[in-house]
Structures are given as structure tokens and as C-alpha cells.
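Next up is one chain by itself, shown in C-alpha cells, the form predicted alone.
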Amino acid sequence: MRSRDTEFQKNLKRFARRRVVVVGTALVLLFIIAALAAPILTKADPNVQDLSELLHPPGGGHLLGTDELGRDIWSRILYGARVSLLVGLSSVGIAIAVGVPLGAMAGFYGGWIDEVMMRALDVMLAFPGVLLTIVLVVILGPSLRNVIISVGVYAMPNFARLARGEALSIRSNEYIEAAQAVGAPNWWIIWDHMLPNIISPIIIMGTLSVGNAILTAASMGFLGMGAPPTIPEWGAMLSNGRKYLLVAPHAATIPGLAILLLVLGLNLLGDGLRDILDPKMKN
């Protein structure tokens, strides 16, 4: 028990030594708290329009001003954080749930199974990420659910390839061969022996991929293919606000800064987790 505590303390110190990582973690926690506490932090409805307060600058009765329809930007930023985090976490969850088992099976079995899976993934990776997402949203129809599915499908090949590479590196280990020697079924070997040993790089890539998924979803919202207008979404806010950059720059810069800070925090957090979980990074 003492050795585990010592290892945990070492990891915590390694994490805390990098101030930028601490800043990133604080940013992510700040956005999570803001999203969860949105009804407490603001009483304004993010969808209520006030045509007498169009493009009101920050201050007064509106902390961050209002948009082109008189809606409170502070409220829309808070509730938009829920949408961005939901899209990022859900899409990456889909990518992990589908891609990791496929990659682990390809690496474990090899042969024609590996060849077929990898060539299919190569075809998907040949498309630019945003272009593939746009195609899928056009096929499925523009909605928040379909954006989550499309971003998850776009991110899935990266997790599959990572899981395959890790599986290839450990499938000849002694504990895998021992499990095969005693007659353990292949699905149990993959589930009980392979997946737990490749979870660390998956967590690292997952953390970094959440930020990329949020950016991709914001791009879809910017193009008008994301959440419906009744749902506050940062990409759509940025798209609507850019029309008024000269007269009300806050309408575009504030949602843009929200996207920037959340993605930056997630990337810094991912770097910190890599320092802790990747044995190659440990001193």
C-alpha cells in the first residue's frame, strides 16, 4: 500500500511541477464547473430575445453583452459549454468504444482480419477530418446528435490504429501465451489481458482528442450544420457574431475565446497525463 501511495505522490509531483499543465487543468475544471452551475451563475434564459438590447456591449445588465438578437452572451457561453463538453466527450467515447476493440482484434488476430480492417481505416483516414464530418452530417441530417456521431466516426480510426499498434507489441508477451496455453478464449484474452494494458495511451489520446472534437463540432456549427438555433453553441455564435465585427466585436471574440481556452486547457491536460501515464516520459 505504501509503494502505491509513493508512486501516486511521485506522479502528482511530476504533474504539479509543470505549471502550464496545472493551468490547463484549472481551465478545464473551470469550464466543467461553469457548465454544471449555469442555472446558478445566471438567471437569464440563453434563448430569450430582447430587441431593445441588440449588440449591447459588455457591462451593465449584461456581463458579456448581447448578440444580434439581444440574447445574453454570458448565459449562452455558460450553456454552450454544456453543448461543447457533451459533444467532445460523447464523440470521443463513441470513437473509443468502437475503435479500440476493432484495433485490439486486428492486432491480436493479424492475417486477413488485420489487413481488411486496416485498409478500411486507411480509406477513412484519406479524407480530411472536417470534410468527412460534413459528408456524414449531410447524409444523416444536421442535428446535434448526428454531429456527435459524425465526429466520433471521424476520430475512430486514430484510436483503432493506436490500439492495433499496442496490441501488436504485447500479443507475444508471456502472459498472453500463458492464457492461450490454458485454453482461455480469444475474446477473454483481448478483454482481460490486452485492453487493460493499452488503456494508458488510450486515455492520453482521448484527452487530446476531446479538444479536437470540440473544434470540429464548432466548425460544423460555424458552417450552420451543427446544433439547431434553439441550442446555444459556440461555433454558431462565432459565425453569427462575425457579421458584426466592426460594430460589436464582442459578439464574435467572446465565443472564440471560449473555444480557444477550453481546447487549450484540454491539450495542456493531455500533456500532463502523458507525463504521468507514459513510462517513456518518466524520469
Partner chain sequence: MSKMLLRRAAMSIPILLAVSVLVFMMIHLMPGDPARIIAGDSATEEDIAMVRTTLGLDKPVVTQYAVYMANVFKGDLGTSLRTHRPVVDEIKVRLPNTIRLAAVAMVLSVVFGVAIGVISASRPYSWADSASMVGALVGVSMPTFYLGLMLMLLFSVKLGWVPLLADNSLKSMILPAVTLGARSLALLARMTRSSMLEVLNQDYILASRAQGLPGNVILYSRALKNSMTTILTVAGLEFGHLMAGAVVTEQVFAWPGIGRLIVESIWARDFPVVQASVLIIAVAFVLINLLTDILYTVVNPRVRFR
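Every value quoted in this text rests on a predicted model; they were computed, and no experiment measured them. Numbering follows the first chain given and starts at 1.
Only in words, not in the display: the form predicted in complex with its partner chain, which the text now covers.
Undergrad: Which residue, 101, 93, 129, 201, has a heavy atom that falls within 4.5 Å of its partner chain in the predicted complex?
TA: Residue within 4.5 Å of the partner: 129.
Undergrad: Which of these residues, 245, 37, 48, 26, gets a heavy atom within 4.5 Å of its partner chain in the predicted complex?
TA: Only one listed residue qualifies here, and that residue is 245.
Undergrad: Please pick out the stretch from 27-35, 40-48, 219-227, 65-73 that is in contact with its partner chain in the predicted complex, where contact means heavy atoms within 4.5 Å.
TA: Partner-contacting stretch among the options: 219-227.
Undergrad: Wondering, does residue 59 line up within 4.5 Å of its partner chain in the predicted complex on heavy atoms?
TA: No, residue 59 stays farther than 4.5 Å from its partner chain in the predicted complex.
Undergrad: Taking any heavy atom pair closer than or equal to 4.5 Å as contact, tell me whether residue 192 reaches its partner chain in the predicted complex.
TA: Outside the cut-off, so no.
Undergrad: Contact with its partner chain in the predicted complex for residue 209, defined as at least one heavy atom pair within 4.5 Å: yes or no?
TA: Residue 209: no contact with its partner chain in the predicted complex.
Undergrad: Is residue 162 one of the residues lying within 4.5 Å of its partner chain in the predicted complex, judged by heavy atom distances?
TA: The answer is no: residue 162 has no heavy atom within 4.5 Å of its partner chain.
Undergrad: Scan 248-262 and write down, in order along the chain, each residue with a heavy atom lying within 4.5 Å of its partner chain in the predicted complex.
TA: Going through 248-262 in order - heavy atoms within 4.5 Å of its partner chain in the predicted complex - the hits are 249, 252, 253, 256, 257, 259, 260.
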